[in-house]
Structure formats: C-alpha cells, structure tokens
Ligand code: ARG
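Next up is one chain by itself, shown in structure tokens, the form predicted on its own.
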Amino acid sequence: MKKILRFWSITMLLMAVSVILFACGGDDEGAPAEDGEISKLVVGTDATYAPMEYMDDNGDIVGIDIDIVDAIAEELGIEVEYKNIGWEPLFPAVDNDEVDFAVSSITITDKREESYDFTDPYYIANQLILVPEGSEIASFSELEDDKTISVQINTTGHTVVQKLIGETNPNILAAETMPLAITEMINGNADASVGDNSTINEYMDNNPNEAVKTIEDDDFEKEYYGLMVKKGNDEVRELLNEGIEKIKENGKLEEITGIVVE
C-alpha cells in the first residue's frame, strides 16, 4: 500500500511540475526571441481611412498601410498584431506602450517629431479639397472667405486649414474621422472638405454618382508618411527602417503603393 501511495505521490509531483513548465513556456506575445531579437510587434491604427487602413466585410483590418507593414514584417521575419484604436487615442497608446508603433497615414511633421520618433518615409501624399459640383470655389485661398470647412480632427488637413483661417475659427468643422468630415460637407453643413488625396480619391471612386468634385492646389506641400514610435525607441525604429529599406530595394513598396519614395 505504501508503495502504491509513494508511486502516486511521485506521479502527482511530476504532473504538477509539468503543468508549471507548460505554463511558463506558453504564449509569449510581444516578447523578444531567445536570441534577444524582436519576434513580434503590436501595431496601432485607425481603420477608418480607406484605402490606407479600413475594416473589410469580414471585420479584418486591411489597406495600403497594412499591406506595407505586412511586407516589412515578412522581410524581417517577425509577426505583427493589429489593434484598431482610433485616431485620437492612437498617440497616447504609443506613449503608454500599449502598441509598439502606429501606422495610420501619419504625416511626419516638426510638431509631431517633438513628441514621437518616425521611421524613414514610406509614402508621399498631398491635401485635396472636395466641394459640391456646383461650387464656385477654385482654390485653397478662397476658403478664407467665410467658408465652413470640414476636416478630420488633428490631421494635417486640420492643421493647414487652421493656418489659413485661424486655430479657433468656428468655421472649422472638425470631425472624428475623414468619412464623417466628408459626410458633413455632403449634407450641406460645410462648403468644402480638406483631406489627404488618397482618402478623398477613394471616396470619389466609391461614390461616382455623388455630385462633388476635387480641387488641387499647388499651395499644398507634399507630405510624407512614416511609422510612428515612442520617443527614444530606437530599437523598433531602426528595425522598421531596415524593413522599409528592404521593400524599397526589392520593389514591393512601389508595387503596393504605385509610387516611388526615395
């Protein structure tokens, strides 16, 4: 009897040790690989900005930005996990280490570089104006004449409009997303909408029967998108730069975007 009890005691002890070892060796998301290199990165985005990042019919986050990050991850041999956080919460999420970096058509600006670090540029964009088809507005400067302008809050479109008519001007209608900003204009609550060319052109392609038109203006400077990391996070920034350089060299970046970024 004692031998049986001793046998079961040893068996139970071994099972307990096995459970502990299994638990310790379980899912280790976000941790570096055994050799100290990064094996997975968590990516924050605002999936409301087609064609750059948006939700498809299956609820998956897709778009040009996502294809770019996927290509970078493939070249680096790492895993990425996407989190749809929203535009405004995206910045504190990077600060608070909720995500390792952000991709969301984020233009590299001097002001943002005061608080965050950016990779090398991976995309070139510019602002466009969207107006009703019968509008007499023909240039950006004409929006200064007591016009109501819809933008997505805290984007570069918002910034250029603030520079034109003043930061606190009540004629700026700042919406949570770019689609909402465009909807405000369509519904007659704004005379024009200002936003990135990729998003406005996507709207035009998907709504060919909508009575609207776009206006290009040389006053808009070219903008460069970068992947945004926490200030001082050189390890992740340099790793991502390595991936960007690889997809530039092998042609994948141009294949995805249709443009050449030097």
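Just so it is clear, the model here is predicted, and its values are computed rather than measured. The numbering used is simple: start at 1 and walk along the sequence shown.
Just so it is clear, the following notes concern the form predicted together with the named molecule, a form of the same protein that is not shown.
Contact annotation: Y49 falls within 4.5 Å of the named molecule in the predicted bound form, judged by heavy atom distances.
Not displayed here, the named molecule is kept clear of S150 by more than 4.5 Å at the level of heavy atoms in the predicted bound form. Mapping the unseen interface onto this chain, F140 falls outside it, with no heavy atom inside 4.5 Å of the named molecule in the predicted bound form. In the predicted bound form, the named molecule sits beyond 4.5 Å of every heavy atom of Y122. Checking I72, V161, I106, A181 against the named molecule in the predicted bound form, a heavy atom within 4.5 Å turns up for just one residue: I106. Contact check for S39, Y82 and D100: none of the three has a heavy atom within 4.5 Å of the named molecule in the predicted bound form. From the list 72 to 80, 163 to 171, 131 to 139, 150 to 158, the contact stretch for the named molecule in the predicted bound form under a 4.5 Å heavy atom rule is 150 to 158.
Heavy atoms closer than or equal to 4.5 Å to the named molecule in the predicted bound form belong, across 84 to 99, to one residue only: W87.
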